[in-house]
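What follows is one chain in structure tokens, specifically the form predicted alone.
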């Protein structure tokens, strides 16, 4: 016997849990989230957790990210403390060529309402004195910040459960069958039937898609992060590649490695990341490194989100993207709108999976 739900969401990370929460605001029951492990054991629990906008290009992607960032203040009030801080974001540069690129970035982003200031050396050092005096300048935007990813996913889950959402942990999906007007989802612990199915399985989205005969063009990209001992507060802003957390730890790194599903860390990374950190903030030479970790981003083929309905299979939806922390409030809102209303409040056609056809 299968258990029946109106909507099943495969994947309970920041995107899947965000969808579950937003959908539960409109529908109070009949929602199931299935995760092969525990929702914070994957990408959502191994991230720098920036809410980052101002360097996202082209400008239409920056605009999309901005819409999501603007939802964070409201989300914070709705689901509880997620340690969201709009610190402002700084992206330093060290050459005149980069200065020209920064000016072009500011001009293009201004067309979609993203305000960027191009700072000279004195201006950026006045804002963030810990930066190297070799910096020539930086782009700055007030819109960027960061969040605690553990609190974010936990609060999504807590609020979703209060609204009637059911979670199935440590329950791998092994098969999906499309039937007349429904889906039959087979898992290691049982069968589930649903009208609507959402694929938000992160780096496993390609494997889940194959169960429905789909070739979803995503693959894992490894990122490694290094963490210092807690330090007295000395950094005010979120930097491109480095930030100080509220507990004093400094998180360093933004690697992009083609390593398949290998989540191990590497000595080469630690060395290169330490050099990157010292070039940016020389005083970190005095800090002790206490640990490093790695995570896997789900990376679409063209690196932009895949979001929306999957044509040809009624009531099937996908939400696969890197920058999941930044985009989760908007992705959750839009998929919820599609399921409940059949349309979205902003256009999402350019994010359709049909672009890979």
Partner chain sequence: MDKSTIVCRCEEITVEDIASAVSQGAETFDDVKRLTRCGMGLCQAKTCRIVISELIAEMKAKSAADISVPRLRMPLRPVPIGVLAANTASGSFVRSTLAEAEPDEGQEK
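Every value quoted in this text rests on a predicted model; they were computed, and no experiment measured them. Residue numbers count along the first chain shown, from 1.
One more form of this protein, predicted in complex with the partner chain, exists but is not displayed; see below.
Engineer: Hey, of 90-98, 179-187, 73-81, 206-214, which bit sits against the partner chain in the predicted complex at 4.5 Å between non-hydrogen atoms?
Structural biologist: Contact criterion met by 90-98 only.
Engineer: Contact between residue 197 and the partner chain in the predicted complex at 4.5 Å, heavy atoms?
Structural biologist: Output for residue 197 is no: heavy atoms all beyond 4.5 Å of the partner chain.
Engineer: Closest heavy atom of residue 141 to the partner chain in the predicted complex, within 4.5 Å or not?
Structural biologist: Heavy-atom contact with the partner chain at 4.5 Å: absent for residue 141.
Engineer: I'd like to check something about residue 229: if you look in the predicted complex, is any of its heavy atoms closer than or equal to 4.5 Å to a heavy atom of the partner chain?
Structural biologist: The answer is yes: residue 229 has a heavy atom within 4.5 Å of the partner chain.
Engineer: Does the partner chain come within 4.5 Å of any heavy atom of residue 151 in the predicted complex?
Structural biologist: The answer is yes: residue 151 has a heavy atom within 4.5 Å of the partner chain.
Engineer: Exactly one residue in 284, 218, 119, 114 has a non-hydrogen atom within 4.5 Å of the partner chain in the predicted complex; which is it?
Structural biologist: Of the listed residues, the single hit is 284.
Engineer: At 4.5 Å, heavy atom to heavy atom, what parts of 181-208 sit next to the partner chain in the predicted complex? List them in sequence order, or say none.
Structural biologist: Sequence-ordered list is empty.
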